[in-house]
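Presented below, as structure tokens, is a lone chain in the form predicted on its own.
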């Protein structure tokens, strides 16, 4: 058996969304911060991301995370997030997957009832509190990066001439948030293609009008997620379909999206601090979230979110690349 590289992985899913956690075979990625490492990997080793995420080893909604030594002395591991659409600064479902894998494989010292793991991410410090019973991870609560509303009730014209009103918020990534009713579509998976097309049309318009840019890090930019809120949603229990660039749905409730949604609801005066918020995905799985306080990010008012979800290990693997493989970076169909 021949191979140009051997990549060690533990696969998991978080409330339905996969995370392929790469535990070995990459080596140390250059960079003084995790964001510098993210940008370096995107520039110089994107073929490995494509190999792992694209078919035939991955699929059109694949997501993953690469474990690294931390760049901060106060962290246990560093993480770079990879998926078919690129390199996220932060990924909530992926971090829940990472924390679960670290406990389930014994890569961290497991403490009951809670194992605390400090993770160095491109978006900043994220603390994972893993609820452990009988040596196994039962759920993970993430204390996410500060989140904030960027704009409320912003109007925009789409390519088809329709004008919609949306809010823009940040929870580790930027999210355009609006009611699905504005597209006159039912919250029905049978209409998923139409719902996805609607979300992508708004995404294109938002970025064409002017990419959102993080106030403290200009490398974190662009809107690649559209949160389409289902009819009947409230500030305590919200359902949604999450459209993601270049054209797929998040299967999980989306952790950074949950943080952005809570920041949006807080900015609108609809969600208070220390109030439980349930966020439900397109397939019916849930994260529970909560806001714990306020802060500022680059002079912008922000909130401090946490959210809780579950992940399960689905397998372990060694991914290989035969020198004669005609698809060394996989393919997209």
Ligand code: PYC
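Positions refer to the first chain, counted from 1. Keep in mind the model is a prediction, meaning the values are calculated, not measured.
Although not depicted, the form predicted together with this ligand is the subject of the following passage.
S.K.: Taking the pose of this ligand in the predicted complex and superimposing the site C-alphas, would you call this form open or blocked (blocked if 3 or more ligand atoms are within 2.4 Å of a backbone or C-beta atom)?
M.R.: The pocket is open.
S.K.: Please determine, with the chain shown alone, which of 125-133, 187-195, 91-99, 212-220 has non-hydrogen atoms within 4.5 Å of this ligand in the predicted complex.
M.R.: Correct option: 91-99.
S.K.: Could you spot which one of 183, 143, 87, 248 gets a heavy atom to within 4.5 Å of this ligand in the predicted complex?
M.R.: Comparing distances to this ligand in the predicted complex, the residue within 4.5 Å is 248.
S.K.: Please tell me whether any heavy atom belonging to residue 121 falls inside 4.5 Å of a heavy atom of this ligand, as the geometry stands in the predicted complex.
M.R.: Judged by the heavy-atom cut-off of 4.5 Å, residue 121 is well away from this ligand in the predicted complex.
S.K.: Answer yes if any heavy atom of residue 202 is within 4.5 Å of a heavy atom of this ligand in the predicted complex; otherwise answer no.
M.R.: Although this ligand is absent here, residue 202 would stay clear of it in the predicted complex, with no heavy atoms inside 4.5 Å.
S.K.: Any of the heavy atoms of residue 244 lying within 4.5 Å of this ligand in the predicted complex?
M.R.: Because a heavy atom of residue 244 falls inside 4.5 Å of this ligand in the predicted complex, the answer is yes.
S.K.: With a 4.5 Å heavy atom cut-off, would you call residue 239 a contact of this ligand in the predicted complex?
M.R.: Outside the cut-off, so no.
S.K.: Counting only non-hydrogen atoms and a 4.5 Å threshold, tell me whether 227, 264 and 279 all contact this ligand in the predicted complex.
M.R.: No, the candidate spot makes no contact with this ligand.
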